[in-house]
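Here we start with a single chain on its own, the form predicted alone, put down as structure tokens.
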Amino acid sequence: MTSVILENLKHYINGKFVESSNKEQFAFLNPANNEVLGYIPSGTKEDVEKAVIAANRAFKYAWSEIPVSKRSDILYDIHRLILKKMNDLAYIETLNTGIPISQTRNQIERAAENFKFFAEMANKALGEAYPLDDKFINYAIRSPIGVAALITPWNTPLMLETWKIAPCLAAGNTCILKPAEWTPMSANKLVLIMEEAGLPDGVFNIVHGIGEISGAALVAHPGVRLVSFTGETTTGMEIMRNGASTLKRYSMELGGKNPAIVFSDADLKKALDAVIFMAYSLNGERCTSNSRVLIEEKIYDQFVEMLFERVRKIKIGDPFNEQTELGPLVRPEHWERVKKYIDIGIKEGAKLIYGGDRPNNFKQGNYLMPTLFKDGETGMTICKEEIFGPVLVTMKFRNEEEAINISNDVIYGLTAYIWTKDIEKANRVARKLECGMIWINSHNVRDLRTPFGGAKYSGIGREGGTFSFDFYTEWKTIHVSLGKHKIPTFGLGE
């Protein structure tokens, strides 16, 4: 399809779309052909300052003073409007990310569900009371904190933006979103939905730009009290350094090198379906991808052959084709990054059995064949570092202990997947894996009530359910005397 130059995107500050203070812009692309889709402003420290002032004013005089029930009603309206505009939002998301349209529709549904879920949570996560005999009634309430910086990745922009925005607003905070510069389109469309839902000016703001400039200024600003970040681990480290002097609260979901462990007694058909889906859906650009599949020795050759037969049949093509399963990667530079990892894998001795390069008949765009390696080993780069593309490597293990050791032998610890009919064994292994989330006999099926986050270099903190409110609110304890306790007396002389 041919790209159309869209209207230039702008920052959104205090209820208005505004240009960057320096008037500078840069392009974002259509991954299917790398034509320019439009331009976003290159945000500056001055733009961040204006957004923080607006968000602080809205926090103090508008949003935090609105009754919880009213905040909840607005979030419900946002949920309804996202669903109403689902087809338009899915189109924009596919156009800007290259993720197949059949998959972006599911993401839009999740984006809507995020608002519905936290609209309900807003009325539940209120506080606790602690009576003390007949002397005190002590109660603890959740209080909003202030302005949050929400910094989101390019791979599933709207879904991950709403995962942060919804609990942030439900808790009574205001926010400034810094979308990924590669995929900014859906964030600006969300603004229009929020306006229609009646969100007050200044509660939600957007500052576009490059992370090292607008993102860094946002994180360092003393008026920002919370930082929720999803993205690459080294970027997370830099964010923490930038915000250290103002003692910000952080929630970070970072990189992953997630294993799927397939035991010989597993339902191999279900395991095969799940492993392939988690490795190649969203074009392989997903933090929870099982990019390593550990296979028990006695079924190793069988399962590798099963993988090969299915991977070679994955349908590559136009992301707007309903039959497409794998679309183009997000940017030319990301294609080069993934290709570099494939070349390193071959050089280090992993056996490339399918894919590894651009598919035939796709000279334009960032298309990459679904890639499958076999005989990976723990020392290999492709078995240790996050590739973030449609690349799967198989590894062999002899027993339960070795499977655990191989799984844990990376710096990351986001997710893991265990496949076996022996539930006792599955739970035993799960308890020994060094990661934040584990699925047994399933792909990644989210329960929004549960904590989401990783261990080791995969993140800090948890979001989801009441765990999101633990991040986005501050506990305030209030002690009420009933006038029946003795108070010590000083200064009475004799």
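For every residue, the number given is its place in the sequence shown, counted from 1. Just so we're clear, the structure is a prediction, and the values are computed from it rather than from any experiment.
Absent from the display: the form predicted in complex with a small molecule. The rest refers to it.
Stretch 380-388 is the answer when you ask which of 398-406, 380-388, 85-93, 106-114 has residues with heavy atoms within 4.5 Å of the small molecule in the model of the complex. Contact with the small molecule in the model of the complex holds for none of A58, A187 and G202, as no heavy atom of theirs lies within 4.5 Å. Proximity to the small molecule in the model of the complex, defined as a heavy atom within 4.5 Å, holds among N366, N155, T394, N290 only for N155. Of the candidates P328, G215, G376, P144, G215 is the one whose heavy atoms come within 4.5 Å of the small molecule in the model of the complex; the others do not. When the small molecule is considered in the model of the complex, G231 lines it closely, a heavy atom lying within 4.5 Å. Taking the partner from elsewhere, G98 is found to have every heavy atom lying beyond 4.5 Å of the small molecule in the model of the complex. The closest heavy atom approach of G355 to the small molecule in the model of the complex falls outside 4.5 Å.
At a distance threshold of 4.5 angstroms between non-hydrogen atoms, I418 is out of contact with the small molecule in the model of the complex.
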